[in-house]
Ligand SMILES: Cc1ncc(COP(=O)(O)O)c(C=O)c1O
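The data below hold one chain only, encoded as structure tokens and taken in the form predicted on its own.
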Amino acid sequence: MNEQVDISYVANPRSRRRYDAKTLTKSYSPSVASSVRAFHRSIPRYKPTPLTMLPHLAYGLQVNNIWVKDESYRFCLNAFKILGASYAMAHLLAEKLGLRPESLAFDQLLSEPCRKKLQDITVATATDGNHGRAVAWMAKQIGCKSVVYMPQGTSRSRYDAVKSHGAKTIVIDGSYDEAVRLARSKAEEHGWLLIQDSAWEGYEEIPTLIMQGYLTILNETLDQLEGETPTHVFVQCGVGSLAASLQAYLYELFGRNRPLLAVVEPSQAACFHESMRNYDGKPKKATGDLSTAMAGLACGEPSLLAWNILRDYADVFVSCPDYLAINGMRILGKPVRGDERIISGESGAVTLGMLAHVRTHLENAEITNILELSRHSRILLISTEGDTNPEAYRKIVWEEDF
């Protein structure tokens, strides 16, 4: 472990050890990923999100290639979260309706008999924006009611985006983690179906389904790469569900020959980094007020399912200050001449901000070595959201003194 003013990083000595195959279940296998993507294909207006290559930026950062999977195009919802929310909700509701979840198509939920039953069901969740919008969108499509709790400080644009899909939307006087606890207690009190992307003891089925939903991202990406394999995957991390999903799928596909995976968190909400820095096998809560521009990653408590995977298999844990996310947004929004422009929000751009910082401060040999970066590196990044707060995006990208 090495601590610096700009970024802090921890290499995981356990990541490349030989583990019993039972350590990772087959919940994230290629066959599961194919089944999940088949469901997503059945949703109207499905198409793979763009995989954009940035060759001129790669040349400037002295790596072989950089790809960015742009999730701002996902079902016109400006973020990736709908993949998990739609799959989990469909799977659970199919069981209630007597349908076969493993072969479910979206239009089966729209039949008149199903709609009559679904209108009596309420789903609930807590969110910093993107997940709640996804749950509300899915609920509206199939005729459920939805209740969404949001933390103090939620931007008006994110609140309005959730509200626009018919959800009862409540901003609490507390953090994201407190919103999760409130959603959980209200769901138990009223008999609502809790759709949360974080797992704790006794609540694992739904988060597992959500994580399976995220497999579509990498399943699409590998098709788009046409046989080329990244050497690195850098992925942002809040409660950890996306990062753990991708890590598990990479393990299932490539085993010990998988790409190096680095988990990237905000310095003010780095619960996985903190858990690895003070490692005793158990997850730790992030300390402080979780105040970060990366609203989608402002989570203080790791998901138990994600922790169990990332603890054993992720290679490096990195925490970054907000200005690196801001720099990433500007690099993508005002690209090197010849590269395509990508509109990416604070949470979406932090991995590129981190990469650019490391490669433009080459005197920092230690983190370069830990990340195994060189001119031969082929790096996959996931831009998990677009400009979900448009006013903040414009200020950040257009105003250099932001």
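Values in this document were obtained by computation on a predicted structure and should not be read as measured data. Each residue number is its position in the shown sequence, starting from 1.
One more form of this protein, predicted in complex with the named molecule, exists but is not displayed; see below.
**Student:** Suppose contact means a heavy atom within 4.5 Å; in the predicted complex, does that hold for all of Met89, Arg133 and Met138 with the named molecule?
**Tutor:** No residue of the spot touches the named molecule in the predicted complex.
**Student:** Could you work out which of Gln236, Thr216, Ser319, Thr169 is the residue within 4.5 angstroms of the named molecule in the predicted complex, going by heavy atoms?
**Tutor:** Comparing distances to the named molecule in the predicted complex, the residue within 4.5 Å is Gln236.
**Student:** Given a 4.5 Å cut-off on heavy atoms, tell me which of 311-319, 218-226, 240-248, 282-290 is the interface stretch with the named molecule in the predicted complex.
**Tutor:** Among the candidates, contact is made by 240-248.
**Student:** Although the partner isn't part of this model, could you tell me whether Leu305 comes within 4.5 Å of the named molecule in the predicted complex, counting any heavy atom of the residue?
**Tutor:** Leu305: no contact with the named molecule in the predicted complex.
**Student:** Quick one: does Leu297 come within 4.5 Å of the named molecule in the predicted complex, counting heavy atoms only?
**Tutor:** Flag for Leu297 set to yes.
**Student:** Please check if Ser347 has a heavy atom lying within 4.5 Å of any heavy atom of the named molecule in the predicted complex.
**Tutor:** Ser347: yes, in contact with the named molecule in the predicted complex.
**Student:** Can you tell me which bits of 55-88 touch the named molecule in the predicted complex, meaning any heavy atom within 4.5 Å?
**Tutor:** Contacting residues: Phe80, Lys81.
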